[in-house]
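Just the one chain here, laid out as structure tokens, in the form predicted on its own.
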Amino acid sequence: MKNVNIGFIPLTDSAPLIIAKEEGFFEKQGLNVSLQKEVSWSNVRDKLIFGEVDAAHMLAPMLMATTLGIGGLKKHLVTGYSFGLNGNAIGVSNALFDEMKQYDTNVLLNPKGSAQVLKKIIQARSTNQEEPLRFAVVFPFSMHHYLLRHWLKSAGVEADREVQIVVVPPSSVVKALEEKLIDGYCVGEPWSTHAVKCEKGVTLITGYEIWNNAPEKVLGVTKQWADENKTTHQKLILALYQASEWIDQVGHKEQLIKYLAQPEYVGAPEASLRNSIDGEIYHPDAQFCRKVPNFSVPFKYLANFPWQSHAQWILRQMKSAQQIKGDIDIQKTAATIYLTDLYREALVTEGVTLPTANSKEEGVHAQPWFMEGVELGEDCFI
């Protein structure tokens, strides 16, 4: 058995790691995997850089930032597996939601107009010379950050000038709301649902409604480890693929929730996990539950395929946020980080049909569509 240590953050989309271990998919590949629960994304990144873990459940943009040496140490990281699509949501404190209702009592019924309502509050605060609203994201280099900025931009709000963006670990969002440290947040599940269940926040819009079927977490490893452990890397990818397929089966949902609820894994209440897995956007006050069918996509639509076009979009957002200074070759950089061919090689024994292209056009498909006979999901932006 090959020993492999993998770091993860307690989120619903860490499920493939947990299932691969608990249901024996790692073991079937001859892997003895130890899962290490971490408290923050910077912790995960640093342990990977210094070899304290062999692989990690990581925010996709972290790979680009670390490879380019932005915001910390420089180390070439790569991925050959995506943990799935979507799974984030933007919410606000109860106090801010009450303010929003003064402008639009039906704001929950119009998620895509929620940023427009927020803009009115931002303008009023500016006129009254009040402090800007403070929104939390889980890390500076995260889809949460870029989706939040994109949502604000859809209403003409300048993120860097009109709101303050701070970093709060996912599982600390509820506490930050309780202590009135933040006015809003973009966080991954189950912590957005948990904030609502605790009656500390209200979900306005899901990540899916900002960018249909957006990328999220990936399995990150150093390029050096990938070069030296290609067979082990491919076995990890195959085991995680099989775990994702297991998760996608409706009959496994209750067992999945029980695994995730264990304190050594996600440790959230089963009710919060169930809502997030079912894509039910819950608001207890109004007794209103909005269903978002693709709120979280663990397997279908090639959710585990590491599209280089996803990496390219992220790099463009990093430039837009002025996190990347100067010019870089976006296409080339994405190709050195997203090892799409490795994913194909890892699944060759599974008989899975995969596109020959490493990239696809993003933002143009309003409905599910087919590429080379493979069904892919819609990919429009708000």
Partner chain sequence: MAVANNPIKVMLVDDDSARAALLSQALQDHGYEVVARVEPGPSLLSKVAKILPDMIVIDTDSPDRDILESMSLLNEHNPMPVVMFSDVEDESVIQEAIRSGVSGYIAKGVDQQRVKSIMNVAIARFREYQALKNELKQTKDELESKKLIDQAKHLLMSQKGVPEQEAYKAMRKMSMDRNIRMADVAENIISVLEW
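Note that the structure is a prediction, hence the values are computed from the model and not measured. Positions refer to the first chain, counted from 1.
If you look for the form predicted in complex with the partner chain, you will not find it shown, but the lines that follow are about it.
Chemist: Going by heavy atoms within 4.5 Å, which of 164 to 172, 271 to 279, 235 to 243, 256 to 264 lines up against the partner chain in the predicted complex?
Modeler: Stretch with heavy atoms near the partner: 164 to 172.
Chemist: State yes or no: in the predicted complex, is some non-hydrogen atom of A124 no more than 4.5 angstroms from a non-hydrogen atom of the partner chain?
Modeler: Looking in the predicted complex, residue contacts with the partner chain do not include A124, since no heavy atom lies within 4.5 Å.
Chemist: Is F141 close enough to the partner chain in the predicted complex to count, meaning some heavy atom within 4.5 Å?
Modeler: It does: once the partner chain is placed as it appears in the predicted complex, F141 has a heavy atom within 4.5 Å of it.
Chemist: Would E179 count as touching the partner chain in the predicted complex under a 4.5 Å heavy atom rule?
Modeler: Contact with the partner chain, yes.
Chemist: Give a yes or no for R344: in the predicted complex, does one of its heavy atoms lie within 4.5 Å of a heavy atom belonging to the partner chain?
Modeler: Residue-level check for R344: no, no contact with the partner chain.
Chemist: Work out which of G72, P132, G156, G113 lies within 4.5 Å of the partner chain in the predicted complex, going by heavy atoms.
Modeler: Here the answer is residue option G72.
Chemist: Which residue, T340, Q29, S40, Q317, has a heavy atom that falls within 4.5 Å of the partner chain in the predicted complex?
Modeler: Flagged contact: S40.
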